[in-house]
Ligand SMILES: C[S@@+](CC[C@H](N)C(=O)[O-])C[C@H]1O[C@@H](n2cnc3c(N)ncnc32)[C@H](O)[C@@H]1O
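One chain comes next, on its own, written out as structure tokens in the form predicted alone.
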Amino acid sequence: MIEGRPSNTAFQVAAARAAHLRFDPKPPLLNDIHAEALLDVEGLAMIEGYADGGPWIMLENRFFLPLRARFVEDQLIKAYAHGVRQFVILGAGLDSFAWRQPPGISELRLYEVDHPSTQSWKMNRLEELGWTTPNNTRLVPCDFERQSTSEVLAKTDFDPTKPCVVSWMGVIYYLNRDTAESSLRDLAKLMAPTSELIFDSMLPWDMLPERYQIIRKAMAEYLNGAGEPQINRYEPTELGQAVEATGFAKAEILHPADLVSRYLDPSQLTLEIPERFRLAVATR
């Protein structure tokens, strides 16, 4: 990302979530009722880019980004029922879970970790909106290329001796491979046994269908211009091996089709299943 500016992709994720509520049939995959409010004027304009009739890649994001968030939040609720009381969102961006926490998880402690520029922007936006940060929530700045998650969480009340759920969505493909795997090692040491790390990765270009190849150059130009090039991709077997080699007990790699079948009737799917992403659940 560009130093001193909030992440462009953080705005795009919030815009896609807002667009999901605005344009898709009910009930929504993710009822992120605060995503639109968190956006400024420039961010609000992004929502229209996800409207019906727009580029297919934008419609794919409108579908997949809420889907992956729904999966994480469902995993958290299940973990909470088994005694987990800590939730860490790495690369939190404009995530709004803190302001829409469901009933029944009052003992949860939530840590939003992100780049200082994005965190600063979000805190200013919250002040503009008059939103109070919930008492159980900590906003933790971290430059992932220069600092470790354990280093910044050590300055909070996070308890590394107790299990947690860590969400690491939309981050690993923006990190060089050494940094990504160093981060995995750091998380494996930080997280207590039975903890879960949930994150997404992208497939190598040569594993993707032609429709992605056609827009490859345009995607790269857009992301490079935003200062957020995607530089790290894993083949699924390679990803599982990397996760286990960095200290996790096991890794489950899910295809988006697995989630589609879990949350949707096939007749509800109006787009091709996104094939560039994989979700991983790494158990400590």
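One rule holds for the numbers: they count along the sequence shown, beginning at 1. These numbers were taken from a predicted model, which means no experiment stands behind them.
What follows is about the form predicted together with the ligand, which we do not show.
The partner is absent here, but in the model of the complex a heavy atom of 174, alone among 121, 174, 80, 158, sits within 4.5 Å of the ligand. Residue-level contacts in the model of the complex: of 153, 169, 180, 110, one residue has a heavy atom within 4.5 Å of the ligand, and it is 169. The stretch that touches the ligand in the model of the complex, counting heavy atoms within 4.5 Å, is 112 to 120, out of 99 to 107, 112 to 120, 188 to 196, 204 to 212.
Although the partner is absent here, residue 143 sits close enough that one of its heavy atoms falls within 4.5 Å of the ligand in the model of the complex.
In the model of the complex, the ligand sits within 4.5 Å of a heavy atom of residue 92. At a distance threshold of 4.5 angstroms between non-hydrogen atoms, residue 13 is in contact with the ligand in the model of the complex.
In the model of the complex, no heavy atom of residue 62 sits within 4.5 Å of the ligand.
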